[in-house]
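Laid out below as structure tokens are two forms of one and the same protein chain, each shown alone and named structure 1 and structure 2.
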Structure 1
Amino acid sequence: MAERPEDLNLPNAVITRIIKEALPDGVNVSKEARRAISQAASVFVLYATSCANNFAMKAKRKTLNAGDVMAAMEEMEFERFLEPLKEALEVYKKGQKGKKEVSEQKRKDKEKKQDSENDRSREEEEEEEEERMEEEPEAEEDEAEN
């Protein structure tokens, strides 16, 4: 898949929001500064990825994992990120577990429903047959009255 240069940029609106929330109220951030920070963020991702990948390769793994990223942050001298990252990861993992349980439950419920629906539709068919047989004599009576 060919990547266009724009695709490797992060959305300006989100970057702007993060900057504004980090700075004191009312600070004027120039358009040029915003663009530069956005580009810096993309470079940061590349640098962090490359660094994390080195750790993965050293451990003879092909898949980057959480530990690799944490090690990369330390290597890049962003130790200040480690605590907030650990906390965020905990919340994330709980959220993922919850989602998994919800979708597992939904799947089980669906299976249960399908089973009971199959049973019910068989019962209904039998009931309908009985009703039809009962209705016929009544229908004749109605016709006779009209």
Structure 2
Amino acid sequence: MAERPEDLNLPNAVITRIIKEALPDGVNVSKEARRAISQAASVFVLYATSCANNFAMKAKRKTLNAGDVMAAMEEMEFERFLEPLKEALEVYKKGQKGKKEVSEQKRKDKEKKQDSENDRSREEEEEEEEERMEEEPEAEEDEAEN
């Protein structure tokens, strides 16, 4: 577990992308500033996690949930971020639900395909058996004539 901000290093690509999205085009950020923002983000993540964990512990749970994070944000006096956070969470949930539905549909389609292939195989086997049954009496008749 990371005890100090130095122990937690967020990926530079993520930090750079966040910075670029937050600033207007044409604004440059030095390496030193990027490093400072990265460290500040690390401190924020650690603090928010610690606060959320306190709410989970009070509820006698070992798993943090979204409610714990929301309560932590409020406790940390970041109320203005609660609504955007709730909206982002809803978008995430809808995306997960959509992925689950797509996955379920793919599974059903695969099962249908396998069932139809099995049905075709059975039909082919039955046709072959019928053809053999028809050929056997003809072969017996030919032998009887000889």
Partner chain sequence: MKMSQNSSDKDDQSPGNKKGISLPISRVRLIMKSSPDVSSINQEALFLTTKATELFVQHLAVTSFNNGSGKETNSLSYSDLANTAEETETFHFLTDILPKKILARDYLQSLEEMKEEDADF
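FYI, numbering is relative to structure 1, first residue = 1. Rigid core: the largest C-alpha set superposing within 1.5 Å between the two forms. The structure presented is a predicted model; accordingly, all values stated were derived computationally and were not measured.
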{"property": "Structure that is the form predicted in complex with its partner chain (1 or 2)", "result": "1"}
{"property": "Displaced residue check between structures 1 and 2: residue 31, CA, 2 Å or over, core reference", "result": "yes"}
{"property": "CA of residue 63, rigid core aligned, shift of 2 Å or more between structures 1 and 2", "result": "no"}
{"property": "Residue 121: Cα shift of 2 Å or greater between structures 1 and 2 (core-aligned)", "result": "yes"}
